[in-house]
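What follows is one chain in structure tokens, specifically the form predicted on its own.
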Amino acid sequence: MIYNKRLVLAHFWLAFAVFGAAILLGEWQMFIRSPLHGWLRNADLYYRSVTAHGTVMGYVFPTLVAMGFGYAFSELALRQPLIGTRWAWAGFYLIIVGTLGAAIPVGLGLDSVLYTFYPPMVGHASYYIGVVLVVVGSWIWVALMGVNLYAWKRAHRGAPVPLAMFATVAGAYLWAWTAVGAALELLFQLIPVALGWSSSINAGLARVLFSWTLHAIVYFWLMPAYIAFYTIVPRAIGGRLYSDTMARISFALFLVFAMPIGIHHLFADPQVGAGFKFLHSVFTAMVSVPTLLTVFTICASVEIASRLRGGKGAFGWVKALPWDNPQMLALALSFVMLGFGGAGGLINMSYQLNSTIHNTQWVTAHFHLIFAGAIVIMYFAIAYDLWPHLTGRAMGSLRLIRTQLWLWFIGMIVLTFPWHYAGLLGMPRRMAFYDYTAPGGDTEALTVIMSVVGGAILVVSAAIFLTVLWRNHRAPQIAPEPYTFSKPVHEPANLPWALNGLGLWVGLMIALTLTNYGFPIAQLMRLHEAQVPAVYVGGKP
């Protein structure tokens, strides 16, 4: 059972509240860039909106979901009350303070610096300090996940760690390490300059430090979705997990391969050597290994569920799947978007092909399809699965839930596919306005209009999602059955130490990161030519 329901609900509701506000900002951005009007031409308001939208969607929303999900799964998997509840609330309040501290200067126009921390643009110090507080609050969660697992292992010596907790702690440790890069940039580069202690900044070093966080953070966002793939979906559709061992290997490989890949975002950066760019490109390809393992394992698990329902034939079993089950539907739609987004990612990781789409709308399309598509739709599925256990009330119409999931899928396709095409046409991203009278402007205008339509569909879907959750609090009370996780075909009686703990994988994660980042960072720290004057955006001290 979940002992600290208020704690979990507080995290989820704050996450979904800021998500609802941020998605409205996203749709407004689509509209302001479109040719559908002629009176909105305020670039400052646009970049404020992008900064707020990106900060919430990139840092606040997924972090709160991971934290709430982690607290719930810690108690459910370990079957013990959370150790450190007061610290958990302290971390939650720190995130609130940090979010307000970052949001207020953005609203006042002091920090229209986007959310990617790329100097020499420098904003007001309170924005950066607010983001630091959000990270510190999340690190309390990381510590609590480790402490609770350690306490359980001491009380159950030699017993297999529940898969749900193994994966949750893996996600927490991944976040703790990937956040270090951005933290170093904020604490030693951006904040001192924002406070006026220095008027110049090592832009090359700052970009490399941010790249430490920039891509591995995607796998932190992915972790709750992957945990749901393995531990929720097979159970929810009446099946079995094909392999517990395969699942543990996948999560362990994410720890190892997710970190040393960020420099593939700096292919166009002359201050990073070609050798390290190639190395990071190779490791980016390696990240596909745990993803392919997951796709195989979950497809096998789904087939088992179908066979148990009477599904037959080489492909006839697909028809027998419970397509009316929201968990099955969310999984299928997530996999489709993951497939398209992953294919786009292969283009991004290629040293040669990346130059074709670098800084175009293609990149925007890729990460929206992966994060807002494949990942966020599983956040919805997680909420639908946990909510009755958090509120003690029945979930409402499954038909409305299925409609919401379909709308999210359709909206994301309509939003991102035109962006991919626009990227191939060379349409740049991070632009407030476009000149649609230029040659080829008609085609680009059509893609932007389609994106406005896609964004509107997503807004409707998000509104339905929030409505479903809110209505649940007013639904008749029920006594939910005990929460269970997916059972594997073969229950692990004992496990090798490497798959029953994360020490080996955390060690490899740190060693590989230092190998792939140590030399570029040390080199740039000595490169005084990389020191450039800061450009204050609204927040000059």
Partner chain sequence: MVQPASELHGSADVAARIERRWGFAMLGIVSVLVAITIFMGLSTAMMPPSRVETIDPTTLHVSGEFAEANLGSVYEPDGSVTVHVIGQQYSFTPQCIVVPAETPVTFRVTSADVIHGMLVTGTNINAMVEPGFIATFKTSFDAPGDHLMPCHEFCGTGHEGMWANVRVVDKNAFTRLTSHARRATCDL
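Positions refer to the first chain, counted from 1. The structure displayed is predicted, hence computed values, not measured ones.
The form predicted together with the partner chain exists for this protein as well; it is not shown, and the discussion that follows is about that form.
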query	finding
Interface membership of N494, the partner chain in the predicted complex, 4.5 Å heavy atom rule	yes
S112: touches the partner chain in the predicted complex, heavy atom cutoff 4.5 angstroms	yes
Distance check, R430 to the partner chain in the predicted complex, heavy atom within 4.5 Å	yes
The partner chain contact at L308 in the predicted complex, heavy atom, 4.5 Å	no
Per-stretch contact check against the partner chain in the predicted complex, the hit in 395 to 403, 195 to 203, 135 to 143, 81 to 89 (non-hydrogen atom, 4.5 angstroms)	195 to 203
Check all three, W177, W470 and I521, heavy atom within 4.5 Å of the partner chain in the predicted complex	no
Single option in N325, T360, T391, T443 placed near the partner chain in the predicted complex, where near means a heavy atom within 4.5 Å	T360
Sole residue of Y93, F315, F278, Y150 within 4.5 Å of the partner chain in the predicted complex, by heavy atom	F278
In the predicted complex: members of 46 to 62 within 4.5 Å of the partner chain, any heavy atom	Y47
